[in-house]
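Same chain, two forms, each on its own as structure tokens: structure 1, then structure 2.
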Structure 1
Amino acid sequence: MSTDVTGSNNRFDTSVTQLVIGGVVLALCVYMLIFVINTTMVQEFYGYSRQINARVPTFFIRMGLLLVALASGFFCITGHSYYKRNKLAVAPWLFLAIGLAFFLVYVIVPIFQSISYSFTKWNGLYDINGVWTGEWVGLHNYRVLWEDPNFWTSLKNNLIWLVLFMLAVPIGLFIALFLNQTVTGIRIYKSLFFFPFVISQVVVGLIFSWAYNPEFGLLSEVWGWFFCEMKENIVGNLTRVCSVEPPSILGDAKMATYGIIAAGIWPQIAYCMILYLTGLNNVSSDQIEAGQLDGAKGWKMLWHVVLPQLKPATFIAIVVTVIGALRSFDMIATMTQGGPYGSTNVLAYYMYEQAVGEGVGRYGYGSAIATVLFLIMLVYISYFLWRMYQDEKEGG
């Protein structure tokens, strides 16, 4: 009996050999990543004539060392007695560790790097020796932003995008309610309504650009039904004569932003519709029946019984729609490139334009715009997360 107990305890003892081997490999990888592997070393090792040629091999070497470091870290952890005794609690975090590590390296670190660049004047280039050529300027970029009318135009357009984009949530809900029924052919209708979401944003932008064309677009054809007629000219050929010329939506500074938003909201409605269709499948039939017994129907049933059960879907729809509105870029780049005269710029596109577009070389200024956009998004998302937490706490 005592032998069994001893054997059971030994199963959970720390494996010293495993810890030592994993720790040595981990320490060696970390040391090489921090102090050894750099573009200068790789340039000398491979014999590159220019240091810039060593940047890609350096990246892959560092990635390999990072993966080895992660594997050795896992090796160390699985040899510890704590892991052996709490495997069910610790194992999920080990599976998440690689994803979290890459999220840290490729999302969190670049965010803070971009914020740091916003306090510099930098043209995005390194000198011949691979040394960063930026210059610390403090809050200068933000002072320039404050006085830049194009920045305020972009910010105003972002707010317009945000307000009008939110229409996708209620429209998606009502379409989902319409499609949430069992009739012949309803799957075909669902597919047709969902189709815009699977189309690339660039393709959507091109479709609407052609539709808005005042000469041969769909808008021009519909406009002709009401304001145009075919007449014979002096040569004897039929030409179209319009009492009111069709509008050039993308060529009008006052209308272009709204035309782009209409194009962007089309696939967003499809996304919200899918979220609500999924949520409607989980609505409790018992609560529906109880509401019917209490006399609830129509709007009362929707407001008091259905919508409270759709809160998770509504939360996701609002968050994704807010993010989509604030980071809008594809549509503007495809349809107007910020024109006419910068009237359709938003912060994301203006940032790109200043860093690598027409204002190429203003990486510090572009980073300042990106920082402002990030802070705006952070405020909105933090607010929605806080509201969701409060609702969960009250519900619990």
Structure 2
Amino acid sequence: MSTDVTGSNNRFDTSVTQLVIGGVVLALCVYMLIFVINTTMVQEFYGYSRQINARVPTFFIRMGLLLVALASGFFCITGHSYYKRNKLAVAPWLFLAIGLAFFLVYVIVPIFQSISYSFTKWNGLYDINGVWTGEWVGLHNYRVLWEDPNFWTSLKNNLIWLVLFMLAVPIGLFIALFLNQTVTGIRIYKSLFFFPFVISQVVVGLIFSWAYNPEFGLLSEVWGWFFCEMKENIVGNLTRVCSVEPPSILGDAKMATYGIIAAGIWPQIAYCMILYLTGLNNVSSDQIEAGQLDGAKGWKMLWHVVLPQLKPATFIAIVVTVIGALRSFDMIATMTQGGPYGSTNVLAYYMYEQAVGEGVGRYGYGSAIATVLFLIMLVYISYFLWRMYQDEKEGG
């Protein structure tokens, strides 16, 4: 009995000490933080903090103080008797706090900020007193957008990307079926087929811009086997003479987009393939045997027995392919930069060009383009979340 009392006494004591220590450290950190921020303000006033080297340490000091403040806050809270009584209600918020705050600040809030920018005319600058220099223009940006032929070209290209990128799903399935065997060394084949996905899109873009080069690229080489021959010219050097000149794919406004898509779909096929390979691994052999007894073979078996079981893989393949298609930026930036004459622009690249491109700086207009892209994506996000919600309900 007596041990019980001292036990609870002890617990009470530690809680109070915990509260006091946590509170003091918290207060100290907040004071220091304010001090640091004020000092950098002072520094900025005199122009000291212009150099990067001077700026980064202050950032680390701030982050360090913030962390200590958070830790002491947690220490403080867990010492309080309210926490002890409502553990299961409070604990999840403590676990969530940092991650959620971080995500809200950098991802969720900026979405709404961007949407609000889209109703303004702004070049991204603040005046000397830190006052925003933009002006509210309502729907003006969207009206300009409606009449902007470049916007429509970009939107059309986005659609072409979306439609052609979808080919990655069946091609990926086809390659997965081709590779789903057990012969020696098949594992190495599978991982080598997956290779393109691991490589940066910038590198894929560079590889393909080289391959498409009409003078000494891979394509011109293959072209040469059919249409060209080496001849001696008057001076006696060997030169290549072609009956039909190889096309300059990236230089041709009609073909450039398709050229970039062909490059972009390469890694995407690899991704779909790996999704289907994993899916095929888990197809139940019972059902296949049952299908065989019913006389299903080949395509019929694939369509009626296997594909229904691959549904989760297909769903994820479609989701990542749609997102990949709408996010296409790296390839365009490396291969054509939207050219020739804006013919390969997509919304993602056009937005970048308008907002921070050289000598443009139309933040409001760029945000309007981004908002349109976001709304398109929102359709897919809602669908994905709805599907997830259905799964959650089923799963309990």
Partner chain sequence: MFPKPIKSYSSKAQLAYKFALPIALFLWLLPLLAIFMTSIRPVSDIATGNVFGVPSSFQLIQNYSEVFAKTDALRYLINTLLIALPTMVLSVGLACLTGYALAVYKFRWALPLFFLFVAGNFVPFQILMLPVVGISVKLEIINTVPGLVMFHAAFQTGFCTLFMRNFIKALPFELIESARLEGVGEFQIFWHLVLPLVKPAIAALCVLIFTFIWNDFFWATVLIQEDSSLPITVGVRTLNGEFVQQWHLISAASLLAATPPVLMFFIMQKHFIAGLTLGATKG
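All residue numbers here refer to structure 1's sequence, counted from 1. Whichever C-alpha set is largest while still superposing within 1.5 Å between the two forms counts as the rigid core. A quick note: this is a predicted structure, and the numbers were derived from the prediction, not measured.
- Between the two displayed forms of this chain, it is structure 2 that matches the form predicted in complex with the partner chain.
- In the core-superposed comparison between structure 1 and structure 2, Y271 has its Cα shifted by less than 2 Å.
- Annotation for A333: C-alpha shift under 2 angstroms between structure 1 and structure 2, rigid core superposed.
- The Cα shift for L375 between structure 1 and structure 2, taken after rigid core superposition, is smaller than 2 angstroms.
- Lined up on the core, F102 has its CA atom moved by 3.2 Å between structure 1 and structure 2.
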